[in-house]
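Okay, here we've got a single chain as structure tokens, the form predicted alone, with questions on binding and movement later.
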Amino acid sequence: MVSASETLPSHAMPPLPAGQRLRAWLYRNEAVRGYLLLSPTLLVMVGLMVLPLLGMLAMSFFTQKYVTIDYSFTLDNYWTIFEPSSTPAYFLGIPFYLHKPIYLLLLFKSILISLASTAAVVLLAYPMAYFLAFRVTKHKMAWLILITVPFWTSYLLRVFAWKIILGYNGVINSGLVSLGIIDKPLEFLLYNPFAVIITLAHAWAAVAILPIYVSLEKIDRSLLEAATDLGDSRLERFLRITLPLSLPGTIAASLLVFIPTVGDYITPTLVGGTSGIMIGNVVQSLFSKGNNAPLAAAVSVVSMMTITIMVCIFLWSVGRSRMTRREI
């Protein structure tokens, strides 16, 4: 049997309908098909993330005039943040030569608290992920579901639970008093940066376990067996094989914890007190009680840029270190 396309010359073939031409064009362009599949997600990201960020960036160049906003372009908000001063303000012995050092000082303090929280989270999460990947042989799915149990409750409730645990008449103080270890409740457990770090570490530990577990689970067990056959001890095998191969998951977990905790304001509000406030509390206060949305937007932009630069430098240094090791 001979088809119609073989019996008729190409110029005599009737044109295809528009729908078929569009289908054929999409079939030839793989990139366009990919973007079409992603279009719902891209629309949501543009509408809920990109546009608000652009709006906040634009707001940072305006000024607040009592109850109204002056939409004239100005850098006054950024000058307020970075205006130099001859008289320094000190934090942990570090001088801040700024006229209003509160913004950058609290940003620096927030970064330190987040770094401490991230370190605590990784130290808590890594042994758990290691246990799941190398020791648990049955019912792994049940263990993974149990890890997500803290996420079944509200983040606010989890933070508030630590306020009850660390409070003046909380679980720890009541237990120590009942056991006769202390005569009166300890006052330093709550409303300080240490309480913020503990609460953040507990609240975000489950987030860090999963990426570390995935990286550990993907490690080829034959490499560990080969290291053992070549005489490596358990510690040497861990330091030379397990830890380097699990670094991608550990780095991802660190970033997943560090980035959102810098701007957290619920935790320092509930358990931080006056000594545990972070940059997120200042931004929230400027937007609400301070009625100065442009300055709050400028502080937010500076915070985001600082965190972005830190993360880029961190990733660049990690990539450079790995390339150097490969060359060696």
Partner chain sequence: METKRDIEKFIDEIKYGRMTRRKFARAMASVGLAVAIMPTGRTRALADDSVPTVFTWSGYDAPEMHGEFDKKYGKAPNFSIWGDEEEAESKMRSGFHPEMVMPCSYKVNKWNDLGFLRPIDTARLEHWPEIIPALDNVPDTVIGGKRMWVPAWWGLTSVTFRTDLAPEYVPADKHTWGILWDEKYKGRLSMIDSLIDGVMAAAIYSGAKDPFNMTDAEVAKLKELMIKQRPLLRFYTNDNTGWQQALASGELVAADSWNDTILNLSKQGIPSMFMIPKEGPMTWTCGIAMTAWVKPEMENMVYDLVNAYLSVDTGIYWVNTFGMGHSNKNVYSHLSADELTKRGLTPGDIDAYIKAGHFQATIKNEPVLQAMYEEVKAGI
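Positions refer to the first chain, counted from 1. All figures in this text were calculated on a predicted structure; none of them were measured in a lab.
The same protein also exists as the form predicted in complex with its partner chain; that form is not shown, yet it is the one meant from here on.
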Only one of 204-212, 127-135, 226-234, 162-170 has residues with a heavy atom within 4.5 Å of its partner chain in the model of the complex, and that stretch is 162-170
Contact with its partner chain in the model of the complex, heavy atom within 4.5 Å, among 256, 120, 241, 105 goes to 105
Residue 100 within 4.5 Å of its partner chain in the model of the complex, heavy atoms: yes
Q. Is residue 195 one of the residues lying within 4.5 Å of its partner chain in the model of the complex, judged by heavy atom distances?
A. no
Requested in this report: Evaluate residue 183 for contact with its partner chain in the model of the complex, applying a 4.5 angstroms cut-off between non-hydrogen atoms, and reply yes or no.
Outcome: no
Touches its partner chain in the model of the complex: residue 55 (any heavy atom, 4.5 Å): no
Contact check, 46-71 vs its partner chain in the model of the complex, heavy atom within 4.5 Å, ordered by sequence, gives 64, 66, 67
